[in-house]
Each structure stands twice: as C-alpha cells, then as structure tokens.
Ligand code: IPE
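Below you will find one chain, with nothing else, as structure tokens; this is the form predicted alone, and questions on how it binds or moves follow later.
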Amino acid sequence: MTANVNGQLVKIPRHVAIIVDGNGRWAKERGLTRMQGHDAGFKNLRKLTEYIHSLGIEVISYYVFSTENFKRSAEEVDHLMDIFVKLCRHELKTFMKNNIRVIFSGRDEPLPAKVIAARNELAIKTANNTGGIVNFCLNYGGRAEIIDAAKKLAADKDADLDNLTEQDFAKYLYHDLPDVDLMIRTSGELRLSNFLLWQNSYAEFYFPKTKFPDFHEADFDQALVEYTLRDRRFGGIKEDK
C-alpha cells in the first residue's frame, strides 16, 4: 500500500512499532522533572496516534513500560501508573471516534489493581472496533512473551508439536498480530531493549535522535520516507535485471 504524504509517494507499513524513549532526557534539557517529561510524552502520544491511524496503518505498537522499568524510583513508577490509568479512562471517546481497538501486551504482575482494571475496561469497550489496532506494551518484555507463549503451548493438549510451524507458535503470543514492518526508537538509542523480539525479526529499524515529546507528524513522515527507500528481501537475494 502506498500513499501521498506531503507530496511524496511513500509505502505504508501494515504494523509500526515505536519505542517511546527520551521523555526524561527531554525534561532534563529544559530544567523540568522526569514526571513532566512523561506528561509531555503522553500528550504527544495522543496526537501522534490519531495521525498514524489517519494514514491507514493497521497496527501501532507502543513500548510504554518494560518489565525492567519497575527498577525506577517509586515516585516515577507511580506517576507512570497514573498516566496509564488516565489514558485508559479519558481516551475512550477518542478511540471510539476513530474506530480503534485497543489491546495490551504484557504481564499482570506486579501492575497495580487500578491499572489492570482500567486497562481491561478499555480493551473490552473497544473490542468491536475495526478501523485499526493500538497495542500498548505495558509491563512488557520480549523474552517474557516468548516464555509465556511456550507455557501456553505446553499446556495445550491439542497442539501438534511434531508439525509446529512459526505461524502456529505465533498464535500463543500475547496477541496474534502481523509481524512488525517498521520499528522506530526515538532519542537516538540503538537498542531493541527486549521489545517484540519475535515480531521484529524482519522489521526495518529507524533510530531518529529526536526525543519522543518532540517526535511529531513531520518526523513520522520522514520515517516513512526512509522505510520506502529500504529494500526488504526477508533473507532472499535481489536479482539483477
């Protein structure tokens, strides 16, 4: 699928994954607290989601909180948990207006009960929306997802282990989503940080130096331009003409 974006014809990926990174450093550069940086990131996430959805992208996955992020200060973790509750409770109208289904990837433990309740309520209320999917990776780790999938497979008495395919195994992941086409990590860090390890196998990676609160529509457009220039061979060889 292609689209005209600001006068340029670009390829539109089916699944875009974004590591939301740089909120704290963005705040530090401005003499603000890390919590204010997360607030700015949340505000930008709301706007960016609507824009990405408007381009016809089917799935957006955001890495918003990893399993390792619980190592941060209690003050910062509590603030982030409050942001997630706010997102779930106050953005329902926006998701419904845009016909977006919201899902969550990650483990329950040790999320606070208020986060689990708000998360589940949003997922249930948007479950029948058909215009696109937003996948929030919350208390998420790529290795944990693969381990959890393996446990589900082992517990499935009907699973045909002798003839198991990658497509079969993918159905045991948190959600049976298409593979990631374009993976973006803001702030210039060059790491996956345990994000969607299975789904990112053949994704194109893009690492802008822009920190997430400043990663706006024009920056995403540039990511699409870069994606369009990539030659995706999925392990094959391009034949000379």
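Since we're looking at a predicted model, the values are computed, not measured. Throughout, we count residues from 1 along the sequence that is shown.
The same protein also exists as the form predicted in complex with the named molecule; that form is not shown, yet it is the one meant from here on.
For the options Q36, S201, N69, T210, the residue carrying a heavy atom within 4.5 angstroms of the named molecule in the predicted complex is N69.
Taking the partner from elsewhere, every residue among N23, F42 and S193 has a non-hydrogen atom within 4.5 angstroms of the named molecule in the predicted complex.
Although the partner is absent from this view, F215 stays clear of the named molecule in the predicted complex, with no non-hydrogen atom inside 4.5 angstroms.
Using a 4.5 angstroms threshold between heavy atoms, H53 stays clear of the named molecule in the predicted complex. Using a 4.5 angstroms threshold between heavy atoms, M183 stays clear of the named molecule in the predicted complex.
When contacts are judged by a 4.5 Å heavy atom cut-off, L80 counts as touching the named molecule in the predicted complex.
With the named molecule omitted here, the record of contacts in the predicted complex names 185 to 193 of 185 to 193, 53 to 61, 169 to 177, 201 to 209, defined by a heavy atom within 4.5 Å.
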